[in-house]
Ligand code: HEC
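Okay, so here's just one chain, in structure tokens, the form predicted on its own.
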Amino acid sequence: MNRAPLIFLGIFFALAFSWTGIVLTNHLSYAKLQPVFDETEGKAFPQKLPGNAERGKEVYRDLGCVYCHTQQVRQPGYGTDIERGWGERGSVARDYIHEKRVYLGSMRTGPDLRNVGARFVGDAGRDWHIQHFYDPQITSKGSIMPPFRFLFETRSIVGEASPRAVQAKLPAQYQPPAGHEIVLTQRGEDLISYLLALKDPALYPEEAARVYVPKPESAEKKTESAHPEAAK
């Protein structure tokens, strides 16, 4: 008796069932996710990337950053991501709904970057990235990341200095010759814009208990809470 058709059908239905359960069901579930409006902020989260950050995302892809960095903060109990300051909560599917291509990554040669934009205040983030890309040793002694100096151009100053000149943000040993300036290229500007846009500030109510662990109070605050009279 030829059992080839039965074997074929068995394999076909097994694969179809697996595909339906793993791929199709998840796709339909994620497709229903929508942004959540935060009345306090007056914004809907997650927000879409601005245009220059979208261009920077392509630079991120082109340079292969995904091979050394992830973009997924693990939930409490599955690692020390939150303790390391890589985010205040674990990443959830809703965080990625605006992204056609998600760079979750699989290697952590460097730190997770999902919330790298939230680690700085004001212009400090842009200055830090300028130094880090020019020479990672400026900001991170012992880093194995190579310099990305092709994101900069050293050129003669003709007329007035360029508003893009960045040598003032670099240590003395990196200063260009007299009459020259170091300028961040458009690709460099876009890449930094992308990295500074990477942040997940919203805490979605239906997922809060699962992905967020409040930071422990300091011993001083605990003492004041336990003995309020002593604080008066």
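Residue numbers here begin at 1 and follow the sequence given. Given the structure is predicted, the values throughout are model-derived calculations rather than measurements. In this text, rigid core is short for the largest set of C-alphas that superpose within 1.5 Å between two forms.
Another form, the form predicted together with the named molecule, is not on view; read the next lines as being about it.
53, 87 and 103 - do all three of these have some heavy atom no more than 4.5 Å from the named molecule in the predicted bound form? Checking in the predicted bound form: none of 53, 87 and 103 is within 4.5 Å of the named molecule.
Name the stretch: of 89 to 97, 156 to 164, 143 to 151, 75 to 83, exactly one has residues whose heavy atoms fall within 4.5 Å of the named molecule in the predicted bound form. Contact criterion met by 143 to 151 only.
Is it the case that residue 116, even though its partner is missing from this view, gets within 4.5 Å of the named molecule in the predicted bound form, heavy atoms only? Residue 116: yes, in contact with the named molecule in the predicted bound form.
Using heavy atoms and a 4.5 Å limit, would one call residue 134 a contact residue for the named molecule in the predicted bound form? Although the named molecule is absent here, residue 134 would stay clear of it in the predicted bound form, with no heavy atoms inside 4.5 Å.
Mark residue 60 yes when one of its heavy atoms lies within 4.5 Å of a heavy atom of the named molecule in the predicted bound form, and no otherwise. Within the cut-off, so yes.
Report yes if any heavy atom of residue 170 sits within 4.5 Å of a heavy atom of the named molecule in the predicted bound form; otherwise report no. Judged by the heavy-atom cut-off of 4.5 Å, residue 170 is well away from the named molecule in the predicted bound form.
The named molecule in the predicted bound form - contacting residues of 86 to 120, heavy atom within 4.5 Å: Residues within 4.5 Å: 109, 110, 111, 113, 116, 119, 120.
Exceeds or equals 2 Å, Cα of residue 122 between the shown form and the other one, core fit: True for residue 122: a C-alpha shift of 2 Å or more.
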